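What follows is a single chain, given as structure tokens, in the form predicted on its own.
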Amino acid sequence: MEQFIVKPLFGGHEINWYTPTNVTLWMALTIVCVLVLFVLGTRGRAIVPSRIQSLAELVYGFIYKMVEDVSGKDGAKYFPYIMTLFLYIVFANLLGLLPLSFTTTSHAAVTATMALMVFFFVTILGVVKNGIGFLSLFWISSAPLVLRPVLAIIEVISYFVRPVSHSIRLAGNMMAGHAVIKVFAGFAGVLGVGAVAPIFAISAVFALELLVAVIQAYVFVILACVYLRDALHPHH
């Protein structure tokens, strides 16, 4: 589990809030990758796009359609926020697969911060947009009257548990995949020349992790879109 340990970049062992760490470094590299793709890659805006421009346009169109389909047309105005979340998570996940790198999204502190940002954003938005009507999200009017108070309590609890499940899902999946790769790598090191099976297993798990890196970013933002839809349309 040493691959998940937060370490200072410039020696020493003490970590304060201002200490540059491996987390700080790989967060910065993630932001650089996003900037390269969407700022440098699309600044020409050629009629015949380059490969990097085509990739940027593909991602842009895919996420925009998802936001519009899940949250509705009035949710499309919040697309930049959802897009930023997706880009950060997917690049952080992919960079974490590089040798000697650090997966920032494997830490619950990082994923919990993003999940809490989504939670407070949609809650405040729901109250501002709907006022007291936002509470109708917890009142299941289609259920029998005698069950509605019980269901309301369950809905309130599940609502406030959202940031926990939202963050743990991402961090848990990223940590588990990297731990499995490390275990197979350990087998390969012990077996030496007979490490054919572990090496094939590492290759298979690594390919799976590439898929998981993208899927987990997609799952995180699509849940954010579902929460956004609830905030905008609590009566549905």
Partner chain sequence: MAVEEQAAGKAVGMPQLDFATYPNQIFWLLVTLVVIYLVLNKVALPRISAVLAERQGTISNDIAAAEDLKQKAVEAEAAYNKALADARVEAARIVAETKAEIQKDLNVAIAKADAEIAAKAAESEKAIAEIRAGALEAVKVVAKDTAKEIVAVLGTKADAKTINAAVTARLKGGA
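These figures come from a predicted structure and were not determined experimentally. Numbering follows the first chain given and starts at 1.
Below: the form predicted together with its partner chain, not depicted.
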property: Heavy atom within 4.5 Å of its partner chain in the predicted bound form - residue from Ala197, Leu210, Ala185, Leu35; result: Leu35
property: Contact check for Val90, Phe120 and Glu155 against its partner chain in the predicted bound form, heavy atom at 4.5 Å; result: no
property: Contact test in the predicted bound form: Tyr81 vs its partner chain, heavy atoms, 4.5 Å; result: yes
property: Proximity of Phe10 to its partner chain in the predicted bound form, heavy atoms at 4.5 Å; result: no
property: Tyr60, heavy atom within 4.5 angstroms of its partner chain in the predicted bound form; result: yes
property: Partner proximity in the predicted bound form: Val110 to its partner chain, non-hydrogen atom cutoff 4.5 Å; result: yes
property: Which of 93 to 101, 73 to 81, 130 to 138, 144 to 152 sits within 4.5 Å of its partner chain in the predicted bound form, heavy atom basis; result: 73 to 81
property: Contact set, 25 to 46 vs its partner chain in the predicted bound form - heavy atom within 4.5 angstroms; result: Met27, Thr30, Ile31, Val34, Leu35, Phe38, Val39, Thr42, Arg43, Arg45, Ala46
